[in-house]
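What follows is one chain in structure tokens, specifically the form predicted alone.
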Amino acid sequence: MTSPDNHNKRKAHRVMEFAELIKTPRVDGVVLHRPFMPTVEGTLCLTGHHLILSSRQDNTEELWLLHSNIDSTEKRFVGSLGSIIVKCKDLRVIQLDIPGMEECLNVSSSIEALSTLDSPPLMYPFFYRPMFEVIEDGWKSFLPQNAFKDLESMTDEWRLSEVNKDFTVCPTYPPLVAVPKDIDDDTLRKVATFRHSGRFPVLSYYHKKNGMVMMRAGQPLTGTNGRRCKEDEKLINATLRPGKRGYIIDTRTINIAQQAKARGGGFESEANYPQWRRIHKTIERANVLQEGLIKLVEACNDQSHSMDRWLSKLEASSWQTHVKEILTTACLAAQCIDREGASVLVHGTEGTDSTLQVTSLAQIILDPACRTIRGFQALVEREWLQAGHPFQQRCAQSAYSNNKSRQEAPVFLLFLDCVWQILRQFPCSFEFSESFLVLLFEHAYASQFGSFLGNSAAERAKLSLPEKTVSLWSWVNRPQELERLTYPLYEANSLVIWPSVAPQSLLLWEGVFLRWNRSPKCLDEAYEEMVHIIEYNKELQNKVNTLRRQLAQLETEDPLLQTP
């Protein structure tokens, strides 16, 4: 245990580090320009984690911007007046007009240094203290052992294994994983040596309607010599019912899967997996997705207003094509399980990107619980955070970064976009509104909460995040926040929902990509009007019920009044 004195010394040392990076902590007479908001003049302050602009003007909203939300900055000078254009990871663009060239240069270099810190203990979640009462500790809200209790109530064919309790068998898996009951831990250790990064097949979803399952894994390491692993075959065959076939959905094209063999990877051969049918899909790799995001945001910010130019730029980004491919693959997985009555194994190369998009979207299609606010949180926790999606690497930069992309990619944003497409087609089947998806997008890229820090459960445990930071779920699950995120017309729908993936059915997600390019006033007014109509309808319904009760009372008292 670290003593409080040592902890405070370390914190003081970090504050000193920040102080060294801030060349000019305060500038007066700074003018802030924001989309669809009045211009504000005030004092700019730089702290270790925030850029703050406060004004003495009445009715003006202060700007509190996390440095970690800044993707890039540009400087412009006209005489001694400098401007800094700040481009944010949530796709906002703001401008600060700063009097004095030296102040402008100092502020700019300070912002650049503070916004590129990538050591988690220096990040804001370690310093943030909640101003709200934590009613529920979000770190404990969705523990694997609790989710497993639900599974146990449906089937006894699975068990929770602690084979990875110290993260040595698979560094990107959580300490507890669900595996077939008849497969022991020694077998799992052998299978882990045959799968990419040790990601042996684990349970992702159990379909209680017919007992079929969806598993996920990393690619098998067959290589050019066609290496085989009997334990791997035994593990995935243990999920099949007698006489039943299963489907392996490989998120890569057959060509890319073939090329992976030369690098020691590969795919399951028909000879060794005769009860499984392999289907290849075409979900793009991370670097292609990042290029697509950059092109899409550039197209959305293009003010030339030429229709041809807009459409050609939109097409060049291939963003909607990516959305279509991911949704199509998720529908295929859901179809195999629900309509074919077959179990499914999903993998790509690593099993931490496209695999998770497919398994989580298939569950939204199949499982009504995932369409509730808590159920969706549990899904993100289970299929993204616990399953080892490398959030810190993938969300290090957004669409405006000038740096050469390393491992950044909008994998999670694409998943949220796909969820929005389904939500738009079945709005009343989701308990949450679009606002919840936008909130998750924002917090994945920059947050005061610790939920999305690190790249795996192992890294989060090493950083002691549950002890040192607040969970996003602690904030979301407060009654007032739940009320804000709930869709007023929600009606629980126990059916499987099949979204259309026809190109005409898929739209640009304006709530994210055009959010800062148009005024939200009309949408806000329309939403308020809808809430007002719903409330009025409830009042009328209550009046009807009261009158019915009164009529029934009168009828029992006076038989002559009874309706024929």
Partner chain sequence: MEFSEHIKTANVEDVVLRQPLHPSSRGTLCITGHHLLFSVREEEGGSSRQVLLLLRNIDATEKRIAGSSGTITIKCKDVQVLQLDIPGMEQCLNIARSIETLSGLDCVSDMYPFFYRPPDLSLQDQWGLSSPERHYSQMKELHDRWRLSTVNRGYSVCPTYPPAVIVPKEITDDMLLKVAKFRQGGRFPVLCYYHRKNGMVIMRSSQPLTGANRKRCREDELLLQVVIDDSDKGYIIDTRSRQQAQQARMMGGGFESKSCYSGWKRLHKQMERGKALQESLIKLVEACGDGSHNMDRWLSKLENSKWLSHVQTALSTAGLLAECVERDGHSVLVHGSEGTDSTLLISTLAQLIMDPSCRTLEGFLTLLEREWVQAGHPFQQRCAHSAFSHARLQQESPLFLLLLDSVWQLWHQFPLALGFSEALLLRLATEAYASDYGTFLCNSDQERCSLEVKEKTHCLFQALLRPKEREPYSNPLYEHTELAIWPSVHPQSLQLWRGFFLRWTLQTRHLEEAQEEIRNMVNEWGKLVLT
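Quantities reported herein were computed from a predicted structural model and do not represent experimental measurements. Numbering follows the first chain given and starts at 1.
As for the form predicted together with its partner chain, it is not shown, yet the points below apply to it.
J.: Please identify, from 209-217, 366-374, 349-357, 293-301, the stretch that has a heavy atom within 4.5 Å of its partner chain in the predicted bound form.
T.: Result of the contact check: 293-301.
J.: Just to be sure I understand the contacts: of Asp185, Glu157, Glu315, Asp137, which is the one whose heavy atoms reach within 4.5 angstroms of its partner chain in the predicted bound form?
T.: The option sitting close enough to the partner is Glu315.
J.: If the cut-off is 4.5 angstroms on heavy atoms, which of these, Glu270, Asp150, Glu491, Glu467, is the one near its partner chain in the predicted bound form?
T.: Filtering the options by heavy-atom distance leaves Glu491.
J.: Leu551 near its partner chain in the predicted bound form, any heavy atom under 4.5 Å?
T.: Contact with its partner chain, no.
J.: According to a 4.5 angstroms non-hydrogen atom cut-off, is Asn537 in contact with its partner chain in the predicted bound form?
T.: Heavy-atom contact with its partner chain at 4.5 Å: present for Asn537.
J.: Hey, in the predicted bound form, is Leu495 touching its partner chain, heavy atoms inside 4.5 Å?
T.: Contact check for Leu495: no, nothing within 4.5 Å of its partner chain in the predicted bound form.
J.: Can any non-hydrogen atom of Lys324 be found within 4.5 angstroms of its partner chain in the predicted bound form?
T.: Taking the distances in the predicted bound form, the answer for Lys324 is yes, it comes within 4.5 Å of its partner chain.
J.: Three residues, Asp308, Leu311 and Ser505; all within 4.5 Å of its partner chain in the predicted bound form via heavy atoms?
T.: Yes: each residue has a heavy atom within 4.5 Å of the partner.
J.: At a 4.5 angstroms cut-off on non-hydrogen atoms, which residues of 417-447 are near its partner chain in the predicted bound form? List them in order.
T.: The stretch 417-447, when checked against its partner chain in the predicted bound form, contributes Arg424, Gln425, Phe426, Pro427 at the 4.5 Å heavy-atom cut-off.
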